[in-house]
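Just one chain follows, in the form predicted alone, and it is written as structure tokens.
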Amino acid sequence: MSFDRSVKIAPSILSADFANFGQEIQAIEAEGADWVHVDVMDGHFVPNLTFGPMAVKAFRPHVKTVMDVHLMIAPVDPYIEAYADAGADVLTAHIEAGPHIHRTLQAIRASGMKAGVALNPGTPAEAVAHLLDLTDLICVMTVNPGFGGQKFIDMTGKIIALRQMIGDRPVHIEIDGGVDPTTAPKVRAAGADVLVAGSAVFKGGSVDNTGVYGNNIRAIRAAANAA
């Protein structure tokens, strides 16, 4: 993975057709997705249950871009090696998921993956001030994690603060939750470069009508780049 601050659209396959994950992943990449975002939920840290390491490993052969795995689980550390073995390129853990995020980020990098740290809406930007040199990505949640299709929570001030804190470090700012052509310009102008979008990408399309995915991805990208 090379680093740049251009807009990257990362469709969340939580909104894909669960019966056709392989085809769905291939379709979004063919239609312009830059990354593929995989939401892992444990029914404990968040009130939903989704994918585990075996599912992520099954997705891997279909992902030709970047597999961006977002762990909404607690604890994290016992599962880092499993997601490394499954083929994650980026592994993101929530700062709220355990008491030793510094050690977690070290372990993720030691396993050969890029390390991300996610912040819930109620967690301030300052929480990661001492983690920036261990971090490759900061994921700003613009919904409370657990379900797709939620209403966007404006975190513009937090994004601006993070962008200032990061300075010239090669750290991505990712936005997860309620991203669409209306909200994309706001977060891009504040300093974000990776935009996770679920329903805004998959809505109206299917593996038999993949052009809709491309139209949706282009609309989000164009809106963000116009900021």
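Quick caveat, the model's predicted, so the values are computed rather than measured. Note that residue numbering begins at 1 and tracks the sequence as displayed.
In what follows, reference is made to the form predicted together with D-xylitol-5-phosphate (DX5), a form of this protein that is not presented.
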Exercise. Which one of V187, M41, A33, M67 is close to D-xylitol-5-phosphate (DX5) in the predicted bound form, taking close to mean a heavy atom within 4.5 Å?
Worked result: M41
Problem set entry | Contact residue in the predicted bound form, chosen from Q150, T156, T123, S111 - any heavy atom within 4.5 Å of D-xylitol-5-phosphate (DX5) | Q150
Problem set entry | Per-stretch contact check against D-xylitol-5-phosphate (DX5) in the predicted bound form, the hit in 129-137, 67-75, 95-103, 80-88 (non-hydrogen atom, 4.5 angstroms) | 67-75
For this session: Please run the contact check for L14 against D-xylitol-5-phosphate (DX5) in the predicted bound form: heavy atoms, 4.5 angstroms, yes or no?
Result: yes
Exercise. Using 4.5 Å between non-hydrogen atoms, is Q26 touching D-xylitol-5-phosphate (DX5) in the predicted bound form?
Worked result: no
Exercise. Heavy atom to heavy atom, is A115 within 4.5 Å of D-xylitol-5-phosphate (DX5) in the predicted bound form?
Worked result: no
Problem set entry | in the predicted bound form, A107 touching D-xylitol-5-phosphate (DX5) (heavy atom, 4.5 Å) | no
Exercise. Are there residues in 112-146 with a heavy atom within 4.5 Å of D-xylitol-5-phosphate (DX5) in the predicted bound form, and which are they, in order?
Worked result: M141, V143, P145, G146
